[in-house]
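In C-alpha coordinates, one chain follows: the form predicted alone.
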(Lines give C-alpha, C1' and ligand atoms only; values in the text may rest on other atoms or scores of the structure.)
Protein backbone atom coordinates (compact mmCIF):
# COMPACT_ATOMS: atom_id res chain seq x y z
CA UNK A 1 0.00 0.00 0.00
CA UNK A 2 1.25 3.49 -0.86
CA UNK A 3 1.29 6.29 1.70
CA UNK A 4 -0.31 9.64 0.86
CA UNK A 5 -0.33 12.80 2.98
CA UNK A 6 -3.51 14.85 2.65
CA UNK A 7 -4.14 18.29 4.10
CA UNK A 8 -7.57 19.84 4.63
CA UNK A 9 -7.89 23.56 5.27
CA UNK A 10 -10.15 25.37 7.71
CA UNK A 11 -13.05 25.83 5.29
CA UNK A 12 -12.95 22.12 4.41
CA UNK A 13 -13.58 21.23 8.07
CA UNK A 14 -15.60 24.37 8.86
CA UNK A 15 -18.57 22.54 10.40
CA UNK A 16 -19.76 19.04 11.30
CA UNK A 17 -21.20 18.30 7.85
CA UNK A 18 -17.96 19.26 6.15
CA UNK A 19 -15.99 17.13 8.58
CA UNK A 20 -18.24 14.19 7.67
CA UNK A 21 -17.63 14.94 3.98
CA UNK A 22 -13.87 14.86 4.55
CA UNK A 23 -14.24 11.56 6.43
CA UNK A 24 -16.05 10.06 3.44
CA UNK A 25 -13.29 11.21 1.08
CA UNK A 26 -10.64 9.68 3.31
CA UNK A 27 -12.50 6.36 3.48
CA UNK A 28 -12.76 6.20 -0.32
CA UNK A 29 -9.01 6.72 -0.67
CA UNK A 30 -8.25 4.11 1.97
CA UNK A 31 -10.54 1.62 0.26
CA UNK A 32 -8.65 2.35 -2.99
CA UNK A 33 -5.52 0.97 -1.33
CA UNK A 34 -3.78 3.96 0.23
CA UNK A 35 -2.36 4.48 3.71
CA UNK A 36 -3.32 7.97 4.81
CA UNK A 37 -1.75 10.64 6.98
CA UNK A 38 -4.18 13.57 7.15
CA UNK A 39 -3.13 17.04 8.30
CA UNK A 40 -5.98 19.29 9.42
CA UNK A 41 -6.29 23.03 10.06
CA UNK A 42 -8.51 24.61 12.71
CA UNK A 43 -12.24 24.70 11.91
CA UNK A 44 -13.37 27.67 9.83
CA UNK A 45 -12.29 30.95 11.37
CA UNK A 46 -11.68 29.57 14.85
CA UNK A 47 -8.05 30.73 14.83
CA UNK A 48 -9.20 34.32 14.24
CA UNK A 49 -11.80 33.93 16.98
CA UNK A 50 -9.18 32.66 19.42
CA UNK A 51 -6.96 35.61 18.55
CA UNK A 52 -9.84 38.01 19.20
CA UNK A 53 -10.46 36.37 22.56
CA UNK A 54 -6.82 36.83 23.49
CA UNK A 55 -6.92 40.52 22.61
CA UNK A 56 -10.12 40.95 24.61
CA UNK A 57 -8.03 39.96 27.64
CA UNK A 58 -4.99 42.08 26.86
CA UNK A 59 -3.75 44.28 24.03
CA UNK A 60 -0.31 42.71 24.29
CA UNK A 61 -0.61 38.94 24.83
CA UNK A 62 2.70 37.10 25.24
CA UNK A 63 3.58 35.18 22.09
CA UNK A 64 4.23 31.97 24.03
CA UNK A 65 0.71 32.04 25.46
CA UNK A 66 -0.75 32.90 22.05
CA UNK A 67 0.85 29.76 20.62
CA UNK A 68 -0.54 27.72 23.51
CA UNK A 69 -4.01 29.11 22.77
CA UNK A 70 -4.00 28.99 18.96
CA UNK A 71 -2.74 25.42 18.83
CA UNK A 72 -5.98 24.26 20.46
CA UNK A 73 -7.92 25.04 17.28
CA UNK A 74 -6.28 22.16 15.43
CA UNK A 75 -6.82 19.85 18.41
CA UNK A 76 -10.57 20.32 18.01
CA UNK A 77 -10.39 19.50 14.30
CA UNK A 78 -8.26 16.36 14.59
CA UNK A 79 -10.38 14.86 17.37
CA UNK A 80 -13.63 15.60 15.52
CA UNK A 81 -12.35 14.09 12.25
CA UNK A 82 -10.99 11.04 14.04
CA UNK A 83 -14.36 10.50 15.72
CA UNK A 84 -16.15 10.94 12.38
CA UNK A 85 -13.98 8.24 10.82
CA UNK A 86 -14.43 5.89 13.76
CA UNK A 87 -18.21 6.32 13.62
CA UNK A 88 -18.10 5.10 10.01
CA UNK A 89 -16.10 2.01 10.92
CA UNK A 90 -12.71 3.36 9.86
CA UNK A 91 -9.96 2.99 12.47
CA UNK A 92 -8.28 6.37 13.04
CA UNK A 93 -6.10 8.09 15.62
CA UNK A 94 -5.33 11.78 16.15
CA UNK A 95 -2.01 13.31 17.17
CA UNK A 96 -0.84 16.81 18.05
CA UNK A 97 2.42 18.12 16.64
CA UNK A 98 4.16 17.30 19.91
CA UNK A 99 2.87 13.71 19.90
CA UNK A 100 4.42 12.96 16.51
CA UNK A 101 7.73 14.56 17.46
CA UNK A 102 7.51 17.60 15.19
CA UNK A 103 10.42 19.63 16.50
CA UNK A 104 10.62 23.34 15.70
CA UNK A 105 13.11 26.17 15.94
CA UNK A 106 12.75 29.93 15.92
CA UNK A 107 10.39 32.49 17.39
CA UNK A 108 6.89 31.79 18.68
CA UNK A 109 4.25 32.51 16.07
CA UNK A 110 6.60 31.95 13.12
CA UNK A 111 8.77 28.97 13.96
CA UNK A 112 10.24 26.53 11.44
CA UNK A 113 10.21 22.74 11.38
CA UNK A 114 13.57 21.28 12.39
CA UNK A 115 12.84 17.55 12.41
CA UNK A 116 10.03 14.98 12.54
CA UNK A 117 10.19 11.59 14.27
CA UNK A 118 7.92 9.37 12.16
CA UNK A 119 8.08 6.27 14.40
CA UNK A 120 4.69 6.84 16.03
CA UNK A 121 3.02 7.63 12.70
CA UNK A 122 4.52 4.55 11.05
CA UNK A 123 3.44 2.36 13.95
CA UNK A 124 -0.16 3.58 13.63
CA UNK A 125 -0.11 3.05 9.85
CA UNK A 126 1.22 -0.48 10.36
CA UNK A 127 -1.83 -1.12 12.57
CA UNK A 128 -4.10 -0.10 9.68
CA UNK A 129 -5.12 3.25 11.18
CA UNK A 130 -5.71 6.54 9.39
CA UNK A 131 -3.40 9.03 11.11
CA UNK A 132 -4.85 12.51 11.75
CA UNK A 133 -2.25 15.19 12.57
CA UNK A 134 -2.70 18.74 13.85
CA UNK A 135 -1.15 21.15 11.38
CA UNK A 136 0.41 24.54 12.13
CA UNK A 137 2.21 23.42 15.29
CA UNK A 138 5.18 21.67 16.87
CA UNK A 139 7.37 21.88 19.95
CA UNK A 140 10.71 23.62 20.40
CA UNK A 141 13.85 22.68 22.30
CA UNK A 142 12.13 23.64 25.58
CA UNK A 143 9.10 21.46 24.77
CA UNK A 144 7.00 24.61 24.43
CA UNK A 145 4.25 24.56 21.81
CA UNK A 146 5.07 26.78 18.85
CA UNK A 147 3.09 27.67 15.73
CA UNK A 148 4.38 27.99 12.17
CA UNK A 149 2.69 31.20 11.08
CA UNK A 150 0.22 31.87 8.29
CA UNK A 151 -0.42 28.79 6.13
CA UNK A 152 1.56 26.65 8.56
CA UNK A 153 -0.63 23.58 8.01
CA UNK A 154 0.58 23.43 4.39
CA UNK A 155 4.12 23.35 5.72
CA UNK A 156 3.24 20.62 8.22
CA UNK A 157 1.76 18.48 5.44
CA UNK A 158 4.64 18.85 2.99
CA UNK A 159 7.20 18.29 5.76
CA UNK A 160 5.42 15.05 6.72
CA UNK A 161 5.36 13.98 3.06
CA UNK A 162 9.11 14.63 2.87
CA UNK A 163 9.74 12.64 6.04
CA UNK A 164 7.61 9.74 4.79
CA UNK A 165 8.82 9.96 1.19
CA UNK A 166 5.35 10.21 -0.35
CA UNK A 167 3.11 12.60 -2.37
CA UNK A 168 1.16 15.43 -0.75
CA UNK A 169 -2.37 16.53 -1.60
CA UNK A 170 -3.60 19.95 -0.43
CA UNK A 171 -7.40 20.23 -0.29
CA UNK A 172 -9.03 23.63 0.06
CA UNK A 173 -12.13 25.60 -0.98
CA UNK A 174 -10.84 26.26 -4.51
CA UNK A 175 -10.42 23.72 -7.30
CA UNK A 176 -6.79 24.50 -8.05
CA UNK A 177 -4.31 27.31 -8.59
CA UNK A 178 -5.26 30.19 -10.87
CA UNK A 179 -3.09 32.70 -12.69
CA UNK A 180 -4.80 35.39 -10.59
CA UNK A 181 -7.23 35.11 -7.69
CA UNK A 182 -10.69 34.63 -9.33
CA UNK A 183 -12.23 36.79 -6.63
CA UNK A 184 -10.21 39.68 -8.04
CA UNK A 185 -10.49 38.73 -11.70
CA UNK A 186 -13.47 36.44 -12.50
CA UNK A 187 -12.06 35.43 -15.91
CA UNK A 188 -8.91 33.98 -14.32
CA UNK A 189 -7.44 30.87 -15.94
CA UNK A 190 -6.87 27.71 -13.87
CA UNK A 191 -3.41 26.15 -14.20
CA UNK A 192 -3.17 22.40 -14.77
CA UNK A 193 0.44 22.50 -13.55
CA UNK A 194 2.97 25.01 -12.32
CA UNK A 195 6.67 24.75 -11.50
CA UNK A 196 7.96 24.92 -7.94
CA UNK A 197 9.99 28.02 -8.86
CA UNK A 198 6.92 29.84 -10.17
CA UNK A 199 4.72 28.74 -7.27
CA UNK A 200 7.35 29.74 -4.72
CA UNK A 201 7.54 33.22 -6.20
CA UNK A 202 3.74 33.54 -6.29
CA UNK A 203 3.34 32.25 -2.72
CA UNK A 204 6.03 34.52 -1.31
CA UNK A 205 4.54 37.50 -3.17
CA UNK A 206 1.03 37.26 -1.75
CA UNK A 207 -0.79 34.49 -3.66
CA UNK A 208 -2.70 32.89 -0.78
CA UNK A 209 -3.32 29.36 -2.07
CA UNK A 210 -0.05 27.89 -0.77
CA UNK A 211 2.44 28.76 1.94
CA UNK A 212 5.92 29.67 0.61
CA UNK A 213 7.75 27.50 3.14
CA UNK A 214 5.70 24.49 2.02
CA UNK A 215 6.77 25.05 -1.58
CA UNK A 216 10.41 25.39 -0.49
CA UNK A 217 10.23 22.01 1.23
CA UNK A 218 8.49 20.43 -1.74
CA UNK A 219 11.19 21.70 -4.09
CA UNK A 220 14.06 20.70 -1.80
CA UNK A 221 12.85 17.13 -1.30
CA UNK A 222 11.21 16.62 -4.69
CA UNK A 223 7.72 16.14 -3.23
CA UNK A 224 4.84 15.91 -5.69
CA UNK A 225 2.16 18.37 -4.52
CA UNK A 226 -1.38 18.63 -5.87
CA UNK A 227 -3.86 21.38 -4.93
CA UNK A 228 -7.56 20.61 -5.39
CA UNK A 229 -11.03 21.19 -3.97
CA UNK A 230 -12.33 19.24 -0.98
CA UNK A 231 -15.91 19.78 -2.17
CA UNK A 232 -15.79 17.88 -5.48
CA UNK A 233 -13.61 15.59 -7.60
CA UNK A 234 -12.46 18.19 -10.17
CA UNK A 235 -8.78 17.72 -11.09
CA UNK A 236 -6.62 20.29 -9.37
CA UNK A 237 -3.20 21.76 -10.09
CA UNK A 238 0.07 19.84 -9.91
CA UNK A 239 3.13 21.63 -8.49
CA UNK A 240 6.22 20.04 -10.00
CA UNK A 241 9.91 20.56 -9.41
CA UNK A 242 11.19 19.74 -12.89
CA UNK A 243 9.24 21.48 -15.64
CA UNK A 244 10.40 23.07 -18.89
CA UNK A 245 10.10 26.85 -19.07
CA UNK A 246 6.61 27.90 -20.09
CA UNK A 247 5.92 29.12 -23.61
CA UNK A 248 3.80 31.84 -22.00
CA UNK A 249 5.89 34.73 -20.65
CA UNK A 250 3.71 35.14 -17.54
CA UNK A 251 2.07 32.34 -15.55
CA UNK A 252 0.48 34.33 -12.75
CA UNK A 253 -0.11 37.65 -11.06
CA UNK A 254 0.31 37.90 -7.28
CA UNK A 255 -1.25 40.73 -5.28
CA UNK A 256 -0.04 41.59 -1.77
CA UNK A 257 -2.03 44.21 0.14
CA UNK A 258 -0.29 43.49 3.45
CA UNK A 259 2.97 45.32 2.73
CA UNK A 260 4.15 48.75 3.86
CA UNK A 261 7.01 50.97 2.71
CA UNK A 262 9.38 52.37 5.30
CA UNK A 263 11.45 55.40 4.27
CA UNK A 264 14.36 56.82 6.27
CA UNK A 265 15.57 60.22 5.10
CA UNK A 266 19.04 61.54 5.81
CA UNK A 267 20.70 58.22 6.71
CA UNK A 268 24.50 58.45 7.15
CA UNK A 269 26.13 57.08 3.99
CA UNK A 270 28.26 54.22 5.30
CA UNK A 271 28.13 50.48 4.72
CA UNK A 272 28.30 49.97 8.48
CA UNK A 273 25.14 52.02 8.99
CA UNK A 274 23.09 49.97 6.51
CA UNK A 275 24.50 46.68 7.78
CA UNK A 276 23.69 47.47 11.41
CA UNK A 277 20.13 48.50 10.51
CA UNK A 278 19.29 45.34 8.59
CA UNK A 279 21.10 43.21 11.16
CA UNK A 280 18.80 44.62 13.85
CA UNK A 281 15.75 44.03 11.63
CA UNK A 282 16.79 40.42 10.91
CA UNK A 283 17.34 39.76 14.62
CA UNK A 284 13.64 40.45 15.18
CA UNK A 285 12.68 37.96 12.45
CA UNK A 286 11.25 40.72 10.23
CA UNK A 287 11.26 39.91 6.52
CA UNK A 288 12.45 42.72 4.26
CA UNK A 289 11.58 42.59 0.58
CA UNK A 290 12.19 45.55 -1.73
CA UNK A 291 15.05 47.94 -0.96
CA UNK A 292 15.96 51.18 -2.73
CA UNK A 293 18.48 53.89 -1.97
CA UNK A 294 18.99 57.34 -3.44
CA UNK A 295 22.43 58.58 -4.54
CA UNK A 296 24.38 60.01 -1.62
CA UNK A 297 24.28 63.75 -1.10
CA UNK A 298 26.32 65.59 1.52
CA UNK A 299 27.15 62.30 3.21
CA UNK A 300 23.57 61.00 3.53
CA UNK A 301 21.07 58.92 1.54
CA UNK A 302 17.35 58.23 1.66
CA UNK A 303 16.68 54.54 2.26
CA UNK A 304 13.34 52.80 1.54
CA UNK A 305 12.31 49.20 2.03
CA UNK A 306 9.11 47.18 2.23
CA UNK A 307 8.00 44.88 5.06
CA UNK A 308 4.82 43.04 6.11
CA UNK A 309 2.35 45.48 7.65
CA UNK A 310 1.76 43.09 10.58
CA UNK A 311 5.41 43.52 11.55
CA UNK A 312 5.40 47.33 11.51
CA UNK A 313 5.01 47.62 15.34
CA UNK A 314 8.18 45.51 15.83
CA UNK A 315 9.90 47.51 13.12
CA UNK A 316 9.07 50.79 14.85
CA UNK A 317 10.86 49.52 17.96
CA UNK A 318 13.91 48.56 15.91
CA UNK A 319 13.99 51.97 14.24
CA UNK A 320 13.72 53.66 17.61
CA UNK A 321 16.79 51.80 18.86
CA UNK A 322 18.57 52.34 15.54
CA UNK A 323 18.03 56.07 15.66
CA UNK A 324 19.80 56.30 18.99
CA UNK A 325 22.88 54.75 17.41
CA UNK A 326 22.69 56.26 13.91
CA UNK A 327 20.54 59.41 13.78
CA UNK A 328 18.55 60.19 10.62
CA UNK A 329 16.51 63.27 9.75
CA UNK A 330 13.04 61.76 9.64
CA UNK A 331 11.10 58.61 8.72
CA UNK A 332 7.80 57.77 7.06
CA UNK A 333 5.75 54.55 6.92
CA UNK A 334 3.23 54.21 4.09
CA UNK A 335 0.68 51.44 4.62
CA UNK A 336 -1.57 52.57 1.77
CA UNK A 337 0.26 50.58 -0.91
CA UNK A 338 -0.07 47.28 -2.74
CA UNK A 339 2.57 45.11 -4.40
CA UNK A 340 1.81 43.58 -7.80
CA UNK A 341 4.06 40.86 -9.21
CA UNK A 342 3.97 39.01 -12.51
CA UNK A 343 5.65 35.59 -12.41
CA UNK A 344 6.61 33.23 -15.22
CA UNK A 345 9.47 30.93 -16.16
CA UNK A 346 8.89 32.02 -19.76
CA UNK A 347 10.49 35.38 -18.91
CA UNK A 348 13.90 33.69 -19.06
CA UNK A 349 13.64 33.28 -22.81
CA UNK A 350 11.32 36.08 -23.92
CA UNK A 351 12.03 39.80 -24.12
CA UNK A 352 9.59 42.67 -23.78
CA UNK A 353 7.77 41.42 -20.68
CA UNK A 354 8.74 44.47 -18.59
CA UNK A 355 7.63 46.78 -21.41
CA UNK A 356 4.26 45.02 -21.62
CA UNK A 357 3.88 45.09 -17.82
CA UNK A 358 4.71 48.76 -17.25
CA UNK A 359 2.86 50.00 -20.33
CA UNK A 360 -0.36 49.26 -18.40
CA UNK A 361 0.62 51.67 -15.62
CA UNK A 362 1.72 54.37 -18.03
CA UNK A 363 -1.50 54.28 -20.03
CA UNK A 364 -3.64 54.29 -16.87
CA UNK A 365 -1.48 57.00 -15.24
CA UNK A 366 -0.81 54.77 -12.19
CA UNK A 367 2.34 55.84 -10.30
CA UNK A 368 4.96 53.14 -9.67
CA UNK A 369 6.70 53.66 -6.32
CA UNK A 370 9.26 50.82 -6.24
CA UNK A 371 10.44 48.06 -8.59
CA UNK A 372 12.35 44.79 -8.12
CA UNK A 373 12.98 41.90 -10.49
CA UNK A 374 14.35 38.38 -10.73
CA UNK A 375 14.79 36.10 -13.72
CA UNK A 376 11.15 34.95 -13.45
CA UNK A 377 9.48 37.87 -11.65
CA UNK A 378 8.77 41.59 -11.94
CA UNK A 379 7.34 43.33 -8.86
CA UNK A 380 6.22 46.89 -8.33
CA UNK A 381 4.54 48.91 -5.59
CA UNK A 382 1.60 51.17 -6.45
CA UNK A 383 -0.98 53.15 -4.41
CA UNK A 384 -3.64 50.85 -2.95
CA UNK A 385 -6.50 52.82 -4.52
CA UNK A 386 -5.21 51.83 -7.99
CA UNK A 387 -4.98 48.10 -7.25
CA UNK A 388 -8.24 46.90 -8.84
CA UNK A 389 -7.64 48.86 -12.03
CA UNK A 390 -4.07 47.60 -12.28
CA UNK A 391 -5.07 43.96 -11.69
CA UNK A 392 -7.63 44.06 -14.51
CA UNK A 393 -5.24 45.74 -16.95
CA UNK A 394 -2.32 43.40 -16.25
CA UNK A 395 -4.51 40.27 -16.24
CA UNK A 396 -5.99 41.15 -19.64
CA UNK A 397 -2.61 42.12 -21.03
CA UNK A 398 -1.07 38.71 -20.28
CA UNK A 399 -4.21 36.58 -20.70
CA UNK A 400 -4.29 35.41 -17.12
Ligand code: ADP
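What you see is a predicted model, and the numbers here were worked out from it, not measured in a lab. Residue numbers count along the first chain shown, from 1.
From this point on, the text means the form predicted together with the named molecule, which you will not see here.
*Asks:* Mind telling me which stretch in 174-182, 112-120, 159-167, 98-106 gets its heavy atoms within 4.5 Å of the named molecule in the predicted bound form?
*Replies:* That would be stretch 174-182.
*Asks:* Considering 215, 202, 81, 133, which brings a non-hydrogen atom within 4.5 Å of the named molecule in the predicted bound form?
*Replies:* Exactly one residue meets the criterion: 202.
*Asks:* Would you mind picking the one in 145, 125, 93, 209 that has a heavy atom within 4.5 Å of the named molecule in the predicted bound form?
*Replies:* Contact residue from the list: 209.
*Asks:* Can you check whether residue 21 is within 4.5 Å of the named molecule in the predicted bound form, heavy atom basis?
*Replies:* Flag for residue 21 set to no.
*Asks:* Give, in sequence order, every residue of 10-37 that has a heavy atom within 4.5 Å of the named molecule in the predicted bound form, or say none if there are no such residues.
*Replies:* Heavy-atom contacts within 4.5 Å come from 10, 11.
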